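Shown next as structure tokens: one chain only, the form predicted alone.
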């Protein structure tokens, strides 16, 4: 068995660590590129959203490298993601790929359901080893999230252009190379030191932007056209409404880890604009926008793949939230036709708008 999985930001770091700790051979797909997109788009249904097409491309590229088993998350609710694993598997079979499919559904009642599914993949490893492996993967996710937050703060304030990205890559490599849970604290400490060496101008005025939207589009830089890096280089500090470790805790651990940000806060903030679940993270997009407005952020950007139903519902509600709470909102819809140059132009115009608003506030103050 040689297991692969789709890319979603830095998820591969956690999954690879967890599976290899359990003695499972892993073949992660090559980084998502234009080739991945072309492969997936060629064989996926035209109106499937972008994550399905990229997942498919990931699996086709991983198969060329020897992968024979797919580990894929499942889902429930109005979002079509719950069917992705089966649809992608059927397409791959039609194309002649000899994959086995293992779907890890989110637990419905207790975390033991999730543990049992991971244990199945490993051929019945002892429970203590399974639990340690999952903990190992989760710790790596938290550390990577912390490093990303440091990069989000430093990027708009860096004195030497590109120094934050260079430091982040070096720090990330240390986390990737940690082979055992006991190695992670040292790697984290060294990574933090590297990030702290980035020279910044702490007095530089920056605008603060919250990023909300569909989870895959938020986490995968190729899909969102690297919007966070572009915003940072334009002088904007960004805060993502969902981080990988928070998503794992909410959806796989059922909120077992206390003291971390939870999607419950966003859902509680969504009424009266949206009172119920609409699938995906649509309700959280509304609630997070409300929270960002109350926290004094200058603007919000919503990211979604073309045809994403939950986020289309949120998109239709956000103009009302924006008007009531006086916070500008920009919606970016991505698909295989999206171009980086056009996206950068829209981001620049949005930053200009926020800067003018910020300057007016300073004058009035």
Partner chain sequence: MKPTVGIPRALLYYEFFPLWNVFLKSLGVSTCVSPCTNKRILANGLKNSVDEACLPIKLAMGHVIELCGKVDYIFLPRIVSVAPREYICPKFLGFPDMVRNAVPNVPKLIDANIDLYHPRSKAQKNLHEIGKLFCSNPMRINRAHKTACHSLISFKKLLQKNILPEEAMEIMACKESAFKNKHCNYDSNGPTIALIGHSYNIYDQHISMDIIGRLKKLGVNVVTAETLPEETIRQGATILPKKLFWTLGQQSIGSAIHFLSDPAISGIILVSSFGCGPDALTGELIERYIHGTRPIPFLKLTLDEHTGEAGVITRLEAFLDMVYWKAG
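Positions refer to the first chain, counted from 1. Since the model is a prediction, treat every value here as computed from it, not as a measurement.
There is also a form predicted in complex with its partner chain; it is not shown, and the following applies to it.
Visitor: Its partner chain isn't shown here, but in the predicted bound form which of 167, 118, 236, 278 has a heavy atom within 4.5 Å of it?
Guide: The residue in contact is 278.
Visitor: Answer with one of 178, 91, 225, 134: the residue that has a non-hydrogen atom within 4.5 Å of its partner chain in the predicted bound form.
Guide: Spelling it out, the residue with a heavy atom inside the cut-off is 91.
Visitor: Report whether all of 2, 99 and 128 sit within 4.5 Å of its partner chain in the predicted bound form, measuring from non-hydrogen atoms.
Guide: Not one of the three qualifies.
Visitor: Where, among 60-68, 336-344, 27-35, 301-309, do residues come within 4.5 Å of its partner chain in the predicted bound form by heavy atom distance?
Guide: Answer to the contact question: 301-309.
Visitor: Answer for residue 274 alone: is it within 4.5 Å of its partner chain in the predicted bound form, judged on heavy atom distances?
Guide: Because a heavy atom of residue 274 falls inside 4.5 Å of its partner chain in the predicted bound form, the answer is yes.
Visitor: Just checking whether residue 201 would be counted as a contact of its partner chain in the predicted bound form - the rule being heavy atoms within 4.5 angstroms.
Guide: Heavy-atom contact with its partner chain at 4.5 Å: absent for residue 201.
Visitor: Taking 4.5 angstroms as the cut-off for heavy atoms, does residue 82 touch its partner chain in the predicted bound form?
Guide: So residue 82 counts as contacting its partner chain.
Visitor: Answer with yes or no whether residue 78 is in contact with its partner chain in the predicted bound form, where contact means some heavy atom within 4.5 Å.
Guide: Yes.
Visitor: Could you list which residues of 42-56 come within 4.5 Å of its partner chain in the predicted bound form, counting heavy atoms only?
Guide: 43, 45, 47, 48, 52, in sequence order.
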